[in-house]
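Single chain ahead, written as structure tokens, the form predicted alone.
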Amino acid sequence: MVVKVYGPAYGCPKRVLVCLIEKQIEFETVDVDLFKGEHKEPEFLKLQPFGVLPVIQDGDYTLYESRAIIRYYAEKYRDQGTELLGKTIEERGLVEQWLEVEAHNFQPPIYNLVINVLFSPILGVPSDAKAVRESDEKIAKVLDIYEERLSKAKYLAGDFFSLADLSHLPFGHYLVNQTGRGNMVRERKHVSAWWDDISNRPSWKKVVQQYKYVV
């Protein structure tokens, strides 16, 4: 069965798509228009009761939450495609650590930026200047920590590309290319080199080219 991925135009589903490409797993996509409220329709809520993206269907198996999905496929197809979990338990621990950092420290402030800088104008809602300012401050602090880490290792979990790096791609792309804040990455030598490395992987280039961001 070919894996179905819902909502390819949005950030978090792209995390799943790039993982599937790295793992050489066949998939197809199903468009979901958030602006039309398709994520709140009964049929979608049967798959994802919280009404958010992404969700995947793999035969009779349904799974949601993007980081759960990429962990699942990285483990299920461990001997296929790119090794994304690390070869030792210690490497796996670091991958998991930095995945958690991405989930709790990196994405949230960028998500707030995206909502206020990109989506609010489309929805006709005033952006929150205080939230934008606070997000900028939080991102700067996180990237300072990344700069220190990446001065000692090529990638976040060590000298190998992993889920920890991959998971940064969708919202890192927003930060660098769509919110006018690329300088936050470029002003940090090691973060800049790391971003150039991971964002130039063929898998990510394919995702960005084939599944355009809605904003």
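Predicted, not measured: the structure shown is a model, and the values here were computed from it. Residues carry their position along the shown sequence, with the first being 1.
Below, we turn to the form predicted in complex with a further copy of the same chain, even though it does not appear here.
So which of Phe44, Phe161, Phe171, Tyr146 gets a non-hydrogen atom within 4.5 Å of a further copy of the same chain in the model of the complex?
Contact check passes for Tyr146.
Work out which of Asp128, Glu83, Glu96, Asp136 lies within 4.5 Å of a further copy of the same chain in the model of the complex, going by heavy atoms.
Spelling it out, the residue with a heavy atom inside the cut-off is Glu96.
With a 4.5 Å heavy atom cut-off, would you call Lys87 a contact of a further copy of the same chain in the model of the complex?
Although a further copy of the same chain is absent here, Lys87 would stay clear of it in the model of the complex, with no heavy atoms inside 4.5 Å.
Looking in the model of the complex, any heavy atom of Glu75 within 4.5 Å of a further copy of the same chain?
Yes.
How about Ser120 - does it come within 4.5 Å of a further copy of the same chain in the model of the complex, if we only consider non-hydrogen atoms?
No.
So, in the model of the complex, is Phe50 in contact with a further copy of the same chain at a 4.5 angstroms heavy atom limit?
Answer yes; at least one heavy atom of Phe50 falls within 4.5 Å of a further copy of the same chain in the model of the complex.
Would you mind checking 28-64 for residues with a heavy atom within 4.5 Å of a further copy of the same chain in the model of the complex?
Those in contact are Pro49, Phe50, Tyr61, Thr62, Leu63, Tyr64.
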